[in-house]
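The chain below stands alone and is given as structure tokens, in the form predicted alone.
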Amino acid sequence: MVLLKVEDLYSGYDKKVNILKNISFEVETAEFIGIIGPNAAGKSTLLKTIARLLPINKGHILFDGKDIRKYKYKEYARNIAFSTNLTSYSLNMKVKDFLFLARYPWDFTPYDFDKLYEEFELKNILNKMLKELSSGELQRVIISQTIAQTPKLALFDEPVSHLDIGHQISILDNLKKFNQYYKLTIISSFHELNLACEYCDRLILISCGEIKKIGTPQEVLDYKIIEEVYNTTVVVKTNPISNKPYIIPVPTMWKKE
């Protein structure tokens, strides 16, 4: 079942300048979609437009067959959650209070926070202020709040970019579990191509505000496409465990003349 449909989308930070151009794709229920591309390609812009934080200058975004601009605020927040950076005001809140705000769209109906605390390793920091947390701890809290909102579609903007490799795997394992067992549809941007490849069902490669390629990791992560978009030399091998592509960057000093 198609949950999200993006049709001929043009969007940007104002009505006059389009960062995204001619963007079209569909997302099925319970898919895990990765958005990849170089810096300033338009990954965050796409997520913010789906989250209704940026205007649609042209085209349509349909959620459950309905134009997203026709949803009321709380109704939309019950369906779609966006994990993003915090305001300075939010940093003065305790972790447990910040997490509790996730239930606002549901009028603070009960939620099993204890299970969330355990899954995302939050029990020891619940009474800390957000401003007291390390960048890695803060990232886990932000992601946890998105999950506690219990949406149908969760949007993540580089969810593991500030985490060490152990916590990267832990967080993505948890997101994959929610994706598979609770049918949570996920769209997430990634800088780490190999992690995107391992966890995502399909990838959307964006370059200069346009879609360069959509498909499975095997279809998208071709070395010729990667080298063209990222302007660097890579070797693409196969992960012997997952049989998915694995990208190896080639430093300049090792390039053959």
Partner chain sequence: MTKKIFTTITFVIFILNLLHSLLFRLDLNKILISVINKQETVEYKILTQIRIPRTIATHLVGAGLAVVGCVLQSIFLNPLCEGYTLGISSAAGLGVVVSTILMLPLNRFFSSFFGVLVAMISIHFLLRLFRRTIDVSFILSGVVLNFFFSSIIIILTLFFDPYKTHYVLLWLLGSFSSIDTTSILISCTVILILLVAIVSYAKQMDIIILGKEKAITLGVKEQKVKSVLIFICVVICALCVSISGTISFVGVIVPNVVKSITGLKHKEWFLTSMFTGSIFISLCDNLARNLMYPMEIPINVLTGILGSIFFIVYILKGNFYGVVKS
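Residue numbers count along the first chain shown, from 1. Keep in mind it's a predicted model, so treat the numbers as computed, not measured.
The same protein has a further form, the form predicted together with the partner chain, not shown here; the description that follows concerns it.
- Among residues of the shown chain, Q145 is one whose heavy atoms approach the partner chain to within 4.5 Å in the model of the complex.
- The closest non-hydrogen atom of A51 lies within 4.5 Å of the partner chain in the model of the complex.
- For the chain shown alone, S83 is a contact residue for the partner chain in the model of the complex, at least one non-hydrogen atom being within 4.5 angstroms.
- Under a 4.5 angstroms non-hydrogen atom cutoff, the partner chain in the model of the complex has F98 among its neighbouring residues.
- Of the residues K128, K183, K176, K74, just one reaches the partner chain in the model of the complex with a heavy atom at 4.5 Å or closer; this is K74.
- Of the candidate stretches 98 to 106, 114 to 122, 183 to 191, 158 to 166, only 98 to 106 has residues whose heavy atoms lie within 4.5 Å of the partner chain in the model of the complex.
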